[in-house]
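One chain comes next, on its own, written out as structure tokens in the form predicted alone.
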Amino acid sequence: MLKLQGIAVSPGVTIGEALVLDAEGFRIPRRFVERSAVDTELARLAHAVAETAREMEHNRDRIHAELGEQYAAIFDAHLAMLHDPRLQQELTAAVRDRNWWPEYAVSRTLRRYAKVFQSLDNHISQRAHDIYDIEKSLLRNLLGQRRETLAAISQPVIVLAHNLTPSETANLDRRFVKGFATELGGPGSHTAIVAEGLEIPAVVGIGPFLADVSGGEPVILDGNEGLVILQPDEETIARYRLEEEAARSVAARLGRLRDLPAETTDGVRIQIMGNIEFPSEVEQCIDRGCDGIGLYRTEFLYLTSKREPTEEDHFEAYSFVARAMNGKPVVIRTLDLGADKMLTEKTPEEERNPCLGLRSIRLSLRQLPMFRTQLRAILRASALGDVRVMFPLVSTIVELRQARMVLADVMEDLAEHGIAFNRKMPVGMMVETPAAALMLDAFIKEVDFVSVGTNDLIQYTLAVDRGNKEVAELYNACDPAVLRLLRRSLDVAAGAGVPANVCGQMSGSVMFTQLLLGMGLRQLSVPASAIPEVKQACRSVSVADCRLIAEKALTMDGAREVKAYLRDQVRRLLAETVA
């Protein structure tokens, strides 16, 4: 049994078979060959071996001509390994006697060889890299193509990958993908946000581990603690089965809060809104008793398609949500592509520092036809319900005014063509940068509401890339600098009488509920899965007690101290609730 620690980004516990996607994108599930097809599959294996040998010979000859015999000898060694009689015998036996799919036979056999090399002394252990090179060459010739689409998965699996892009994550079919874990990634990344929206347990930033697992092996993924357990024993599996059952019991108990208000013990009503990424998620929010949609991320329209979405694509998605909410507010955030949210083909080499580059409202103001298309659809949907628009990553007053001017121009165009829309549609902005928080007293005069996006606010305040596992320990919502900017934002909004919301991952964690209520927040926007738990927390506390907690937390000068204090308060709250 091997326990691997990563970063928990989407809660939940699941047990299932591994589907491995290595750094090359190869999908190697455990698959068996029909007895009648064994000879055909052996011929395919032999062809792949021959093709791999031909490539190695070509590379050897080219390197020999360019660099000399010393470097060409590397490929001679690879050829010798590839043609080793024992290896060829084992691969053939795996297909003929065990009925293994050739791809699976290659992966299992060569990885076993690599582990043997890795267990030896430092000089010999380096030969493991040669084994992995041979494995990838054989797999490439067997598969004949790069990564199979994850959307094609048709049986329950836990995806283990080097990395998953936001678009790949958005295309996961949650009927079959029970969870995923990746070697790369960090907290607050868009991949993590999509996973949470899909309610798929996920762990990222584990580091290299794919060489230790093969497709089809049992895996436990603990999205609560950030653990992945390979080759678990029966006792561990039984323990996690009980944990799964306990989680279902808690969910059923919290489900009874669906139609009850989120009202504190001293009578203060808290609005709990839902965060959604896909239109279908609105049903999950409704089923859990949300007061509206506080953040409708619209990136999925771009991430799940190879073409730019049309106005009708936008309108169909927005109108579905507006109608489903039946008069409750729906806040639609305009395009927030950029940095970790861009499609693989468009990132990351195009900008040296995409987190500080052309993204969000900057991109929309640069691509006006695209921006106008989205605004037209949002305005059309506003005729069908309480739809509101929100601009992301606003950092200067000029950006806000430019965005409002484009919106006014689109309104005028729709009016001229007799197209229905809400002329008084509320307009808001995200507070995601220190600049926005510090200048909010100026911004607040020109918006109808604000929403603090803590994911980016943490990133920009602490200068930490939220998708980078190497600095993940520095990405901390408890940092006093983040708390002070958050407090200032809520104070400015309250002083101006402008509604304020918090919609980042911070709002969906009960560890922060008392802190946020104590800072004056009266509206939280959280993932659908977090609605019942956050509602229960709100119904178990008084605003007076929350103010004391917030005031004490704000006097602390270290994130570790703040975190320990807030965790202690949550433990006390849970103990009182159970009692």
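All residue numbers refer to positions in the sequence shown, first residue = 1. Nothing here was measured: the structure is a model prediction, and the numbers come from that model.
Unshown form predicted together with a small molecule; subsequent notes refer to it.
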Which single stretch, out of 496 to 504, 158 to 166, 131 to 139, 420 to 428, brings residue heavy atoms within 4.5 Å of the small molecule in the predicted complex?
496 to 504
Ok, 108, 380, 78, 333: which has a heavy atom sitting within 4.5 Å of the small molecule in the predicted complex?
333
Assert contact residue (the small molecule, in the predicted complex, non-hydrogen atom within 4.5 Å, options 291, 103, 281, 432) equals 432
Using a 4.5 angstroms cut-off on non-hydrogen atoms, would residue 453 count as touching the small molecule in the predicted complex?
yes
If we define contact as a non-hydrogen atom of the residue within 4.5 angstroms of the partner, is residue 440 a contact of the small molecule in the predicted complex?
no
Residue 466 near the small molecule in the predicted complex, any heavy atom under 4.5 Å?
yes
Would residue 270 show up as a contact with the small molecule in the predicted complex if we use heavy atoms at 4.5 Å?
no
